[in-house]
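Read the single chain below, which is given as structure tokens and is the form predicted on its own.
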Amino acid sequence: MTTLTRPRFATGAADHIVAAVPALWLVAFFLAPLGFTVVFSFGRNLFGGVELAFTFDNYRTALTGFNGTTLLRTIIFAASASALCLAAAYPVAYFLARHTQRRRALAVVLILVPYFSSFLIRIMALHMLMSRGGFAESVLNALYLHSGPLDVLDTQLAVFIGMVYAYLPIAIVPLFVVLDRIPKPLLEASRDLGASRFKTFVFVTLPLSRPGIATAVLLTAVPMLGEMVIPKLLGGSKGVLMGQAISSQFLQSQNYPLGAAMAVLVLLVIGVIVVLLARLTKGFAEVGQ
């Protein structure tokens, strides 16, 4: 009986074609627009057009005055909201990993179902809850935690609440996956050697969950830096962040070079976050050994 084998060059060509499709997609729809954005950021504004040049005036404008304040506020919002998401998600993920053996799948589905619903509908539902005469006002007044109408909308607090609410589910999943994969014998060995539950958590569980922490921060902080819908619907004129400011430069002011410079600055901030998270997870393999 003879076995037919495909020629090696045919297999290699097929592999190259399969690899070329996503590579071309990446070049056409990510690298090329990114390149144009960087080039435009050094250009001069022609009120709806761009004159190619090499000037840092756009970056100077993006880092000073209202734009600089907006960039700083965006970074603070993203960092604080991501930290709160992490602080709220970690106990939930820990509970799912340790105490939901039988109904774990159901618990994960219940957490993720709201996330898979329409993002706009979720934010509008939150808008109605926080509006005057809404459910939140009724509950707070009934519990004597607040008196009178609730004026939360069109404030930066509403934007912060909206960000945590929108991105919390996606922070739970990576933490749950990592915590669930921590070998239980490691935890039992720590307890057998005399470590308390707290020390076992600090010196064993927490270090081994660094990849989950880094992923949760990446999945929440990065989209928050470019978030535009939540500030517009919940913050009004008082909740302007960089996503909204960049959109305004491109769609209203038609100052493409300034908008491109602001976008590049956001990308640089994201790059710094990625580098810091990469350093956080560096040497993870050695920790688990």
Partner chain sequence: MSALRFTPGRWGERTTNAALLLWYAAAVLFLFAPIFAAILYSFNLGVVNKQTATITGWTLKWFPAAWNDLSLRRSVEASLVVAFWSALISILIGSALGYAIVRHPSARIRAGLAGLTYVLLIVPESVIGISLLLFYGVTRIPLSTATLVAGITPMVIAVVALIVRARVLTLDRRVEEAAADLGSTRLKTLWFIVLPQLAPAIAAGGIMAYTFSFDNLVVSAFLTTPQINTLPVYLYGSLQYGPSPAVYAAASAVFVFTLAMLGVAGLIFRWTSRHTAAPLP
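Positions refer to the first chain, counted from 1. Small disclaimer: the values here were computed from a predicted structure and weren't measured.
The same protein also exists as the form predicted together with the partner chain; that form is not shown, yet it is the one meant from here on.
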property	result
Selected contact from 96, 150, 208, 157, since only one has a non-hydrogen atom within 4.5 angstroms of the partner chain in the model of the complex	96
Location of the partner chain contact in the model of the complex, chosen stretch of 182-190, 165-173, 71-79, 140-148 [non-hydrogen atom, 4.5 Å]	165-173
Non-hydrogen atom contact residue 132 with the partner chain in the model of the complex at 4.5 angstroms	yes
Close approach of residue 118 to the partner chain in the model of the complex, 4.5 Å, heavy atom	yes
Contact of residue 278 with the partner chain in the model of the complex (heavy atom, 4.5 Å)	no
Proximity of residue 214 to the partner chain in the model of the complex, heavy atoms at 4.5 Å	no
In the model of the complex, residues of 217-233 near the partner chain [heavy atom within 4.5 Å]	218, 222, 226, 228, 229, 232, 233
